[in-house]
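Here's a solo chain for you in structure tokens, the form predicted alone.
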């Protein structure tokens, strides 16, 4: 793990709030592993032995419904951690995880973390910080689905991928459009319609490449009330 990887680890709510020597003891000697797109990291119901920090790439968490369909629970990117709560919740993963791009992960042993918490109970506060962060993200995602139109949710997704909040830019969609649609709470055909409705705002798409004329315009579109978005 190089200095850049370590900075990413320390930026997470879990490792950013604990003493550096403890963080080093948990992750410093753990190897960083690379995974190809489509690799299953763990499956729903398996013993939860580890959790992960994403150093590069994207990972989706999903459940298989009783009728065999896939329900996406979340999509995580560089600088985010996932599955840490599972090592305390009955010892089994409640979801499956898959690398949706080429991905580099730092793996943290769950038993080692539990042992450290028994030795230093204050570390439980770091776990609470991480859990609170995940809960906040989930609440924001639900709020978006309920309060924003499909094109506003898509515009917000693109804004978060943009390198700055103003000016023009060209970005690459990080993963398949079908997964983006699922992440945003819409069907693939709805995503296509939403993309078309963003053209008057200077958004053009060529396969996986998105060109944005003015990111600030998209930001203001997202912040507008659903009744006002027709004015853009």
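Please read these numbers as outputs of a predicted model, since none were measured by experiment. Numbering follows the first chain given and starts at 1. Rigid core: the largest C-alpha set superposing within 1.5 Å between the two forms.
Not pictured, yet referred to below: the form predicted in complex with the DNA.
Student: Within 4.5 Å of the DNA in the model of the complex, counting heavy atoms only, one of 59-67, 46-54, 164-172, 178-186 shows up; tell me which.
Tutor: Single hit among the candidates: 178-186.
Student: Could you check which residue among 34, 40, 204, 190 gets a heavy atom within 4.5 Å of the DNA in the model of the complex?
Tutor: Contact with the DNA in the model of the complex is made by 190 alone.
Student: Sort through 150, 87, 159, 99 and report the residue having a heavy atom within 4.5 Å of the DNA in the model of the complex.
Tutor: The option sitting close enough to the partner is 150.
Student: Does residue 40 count as moved between the shown form and the other one, where moved means a C-alpha shift of 2 angstroms or more after fitting the rigid core?
Tutor: No, because once the rigid core is superposed, the C-alpha of residue 40 moves less than 2 Å between the shown form and the other one.
Student: Any CA movement of 2 Å or more for residue 11 between the shown form and the other one, core superposed?
Tutor: Residue 11: C-alpha displaced by less than 2 Å between the shown form and the other one.
Student: Look at residue 209 and decide if its Cα position differs by 2 Å or more between the shown form and the other one after superposing on the rigid core.
Tutor: Passes the 2 Å threshold, so yes.
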